[in-house]
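First comes one chain, alone, set out as structure tokens in the form predicted alone.
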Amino acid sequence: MSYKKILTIQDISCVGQCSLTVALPILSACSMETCILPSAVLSTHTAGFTGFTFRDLTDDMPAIKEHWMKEGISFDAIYTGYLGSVKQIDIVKDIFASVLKKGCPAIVDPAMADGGKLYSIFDMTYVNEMKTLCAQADIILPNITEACFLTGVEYKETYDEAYIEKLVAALHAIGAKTVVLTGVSYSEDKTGVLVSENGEAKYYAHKKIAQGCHGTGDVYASAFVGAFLNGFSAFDSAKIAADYTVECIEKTHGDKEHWYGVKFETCLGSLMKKIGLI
């Protein structure tokens, strides 16, 4: 496997084990040169902390891209996470067109909603712009709530396989190529991920942990990208990422002082073994 240079674009919470503070170490552990473009800098993440600082870097992003182009810098993959505005989505689309090597994957985690609701700062204007980014991506990684907003399909907490098939078909209809749909649960004790590409869908069920942890979506997406860029199929990458994320949650449960994220660092060796790097 050749040494790859990947760019990940998302915010950075200085404390809180999410976004870039998750993506950078996980992708680096997966044996890739990991370059970053922070969309914002926060003192902590926003879930449970109060009085956090926030610095919007939207206006810096185009100049950073222009400098890369001047230096002849390009990337073997681009992976996007949380983007804070419509303007940032437009900038990312320009980055896809400018510094992503031809034929290399653009991977989008449309991080904007959960539990049937959009995050508080977003509206349907943002959703509609995110649709256009997903249409340009080679792989998207939405949860069910995000998939529903992207497609207009009614959100349901209880559903069957026919509902998920309808949802995935609607995602392909907006232009999504490979769909990795997370949080798909057909029973109380299991959840899983469904991967749909080239007219074929595969489902992987794994252990369901009742108590969620902040940042696990970023852990999952980063591990998926790390496996995929090491030559695994989308489905096998989805399985590796799911098992790794569960392991991270299990390592964290029981530590009441560590409520703000998962101890993903303690499991990096396991991820590297799953990928075959050690």
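In this text, the rigid core denotes the largest set of C-alpha atoms whose superposition between the two forms falls within 1.5 Å. Note that this is a predicted model, so its numbers are computed, not measured. The first residue of the sequence shown is number 1, and the count goes up from there.
The same protein also exists as the form predicted together with a small molecule; that form is not shown, yet it is the one meant from here on.
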{"item": "Heavy atom of each of 18, 111 and 119 within 4.5 Å of the small molecule in the model of the complex", "value": "yes"}
{"item": "One stretch from 62-70, 41-49, 24-32, 240-248 that, in the model of the complex, holds residues within 4.5 Å of the small molecule by heavy atom", "value": "41-49"}
{"item": "Single option in 75, 126, 82, 96 placed near the small molecule in the model of the complex, where near means a heavy atom within 4.5 Å", "value": "82"}
{"item": "Core superposition between the shown form and the other one, C-alpha change of residue 46 at least 2 Å", "value": "yes"}
